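Before any questions on binding or motion, here is one chain by itself as structure tokens, the form predicted on its own.
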């Protein structure tokens, strides 16, 4: 019997060059989970931190072919950022990329918030970025290379009603990453923010379920629809790659044109 030649070849390495990169993602669900899976798909070694063990388990179950390093921690606790980065460095053998994708929102008018509620949102959304990025930055500055990313929002630019603490936290992230970018650029470390518009995630599910809310938000987006977590992965991967070595201190809006109107 004649043999049929097999002309198939292995898929070439991705042009992004993230194979073997050591990556830490904060946030196992929604955008964080999608990005963690995307990094792994590029051949990176990925550690994921979340305070919810169920979210970590769900991510692992959704991607049984990926050996994530799963770290349970509350990033709002003092010293948690340094502890998590230390654990990630040991588990991964180093750290090249850090993505912070943890956040909460509470849609109420400013006049209704207590100081305690304000403090909680700022601690989850902004202070945890400082703690984790500072620890990652110390490691990356010392090694002379790194990519730091934080999830911002169009709310850091636009004055959305009933988004006071959330908008303040995202505006704070925008300025924090710019200062870190300036300070760490001489050491080969870039720092950028991803600023999504209206994305369908667990954070927005209850809000979108309100009567008429989905149609209202879609009407404000020139693209005419809401985004998905997977549409954040491309920008995250590119900004994490060596190709983005001269891009730092930027807020990348991923919003279907929302900030244009």
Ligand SMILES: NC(=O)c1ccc[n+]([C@@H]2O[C@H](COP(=O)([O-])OP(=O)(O)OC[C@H]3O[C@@H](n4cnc5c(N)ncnc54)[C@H](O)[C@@H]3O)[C@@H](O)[C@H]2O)c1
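Numbering follows the first chain given and starts at 1. Worth saying up front: this structure is predicted, and the values here are computed from it rather than measured.
One more form of this protein, predicted together with the named molecule, exists but is not displayed; see below.
74 is the sole member of 106, 83, 183, 74 with a non-hydrogen atom within 4.5 Å of the named molecule in the predicted bound form. Across the proposed site, 134, 188 and 240 without exception lack any heavy atom within 4.5 Å of the named molecule in the predicted bound form.
Contact annotation: the named molecule lies within 4.5 Å of heavy atoms from the stretch 195 to 203 in the predicted bound form, the single such stretch among 216 to 224, 36 to 44, 195 to 203, 58 to 66. The named molecule is not drawn, but in the predicted bound form it has a heavy atom within 4.5 Å of residue 102. Contact annotation for residue 147: none of its heavy atoms lies within 4.5 Å of the named molecule in the predicted bound form. Proximity of residue 29 to the named molecule in the predicted bound form falls within the 4.5 Å heavy atom cutoff. Contact check for residue 52: a non-hydrogen atom falls within 4.5 Å of the named molecule in the predicted bound form.
Contact residues in stretch 170 to 191 (any heavy atom within 4.5 Å of the named molecule, taken in the predicted bound form) are limited to 170.
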